[in-house]
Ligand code: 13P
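Just the one chain here, laid out as structure tokens, in the form predicted alone.
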């Protein structure tokens, strides 16, 4: 860490001490930004923990849908983001694409009333609101199977947006049939109907990467995130959400080698040795890495100067229905 980085971090700490502000940082942030977080963790965990915080301002270091989730669950708070960076997966679907997906299923002979939508938390407040209005709910990678199991009891087909890989992986685990909308298959024959979205980072991992590490390090453990392609998840020893990966890898013998299929910044700080990134290239989320210390400092300065920047603002209707979708999940 350079002297200029340390100096800027000290300035940020000084500003935090003078302001009614909580800095929140996602696991995928750059190390120097992550270190500034008063609350750190995964997306929904951060939104829930921030709700119980007493500070007037939340400065969220992450991507746009995460800042929106904080605002949805804590409408009384002022939520700012050093960079309103866009998650590529969340950007793949908006309200219009969501409605078109429903129309496509209706054209295929599936009544709207026979569809129960579930959206991965990696989606905009607008999409969460559309799902809430249709009686659906949000899920995370950690609870997706439980949410889908509960939803299936209603006897409806599950419309899963936006991550096809997570939807397909859960279907495989549960022994259910899935399809990707628009892939030419008959949606009437599937239980889980997946929107054709994906995570650009987790798509970098392949079964060839798994084979490479197994050959190079006999006995190595392969642990991956369920946003990876189903073929990669099937070849892995463990599949889990960010928090589940941290817990699983933390419990391994320090001498046990493990290759991890998830974002580089998280893997890099998991444990000091015998931990490898399951990729020949650096699987770094470009939008998560947009936020810099300079951005964080400028945002805190804007609060001190009485002119906050990059504030998250949602319409009352969007915030209401998105909160309904989130609270349906949390009630379970």
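Positions refer to the first chain, counted from 1. Just so you know, these numbers come straight off a predicted model, no measurement behind them.
The next section is about a form of this same protein that is not shown, the form predicted together with the named molecule.
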- Contact residue in the predicted bound form, chosen from 242, 124, 169, 178 - any heavy atom within 4.5 Å of the named molecule: 242
- Pick from 58, 36, 66, 277: which has a non-hydrogen atom within 4.5 Å of the named molecule in the predicted bound form? 66
- Taking heavy atoms and a 4.5 Å cut-off, does residue 120 contact the named molecule in the predicted bound form? yes
- Message: Can you tell me whether residue 101 touches the named molecule? I mean in the predicted bound form, with a 4.5 angstroms heavy atom cut-off.
- Response: no
- Would residue 225 show up as a contact with the named molecule in the predicted bound form if we use heavy atoms at 4.5 Å? yes
- Task: Mark residue 164 yes when one of its heavy atoms lies within 4.5 Å of a heavy atom of the named molecule in the predicted bound form, and no otherwise.
- Result: no
- Interface stretch in the predicted bound form with the named molecule - options 290-298, 38-46, 303-311, 269-277, non-hydrogen atom within 4.5 Å: 38-46
- Query: Though the partner is not shown here, which residues of 196-220 have a heavy atom within 4.5 Å of the named molecule in the predicted bound form?
  - Reply: 202
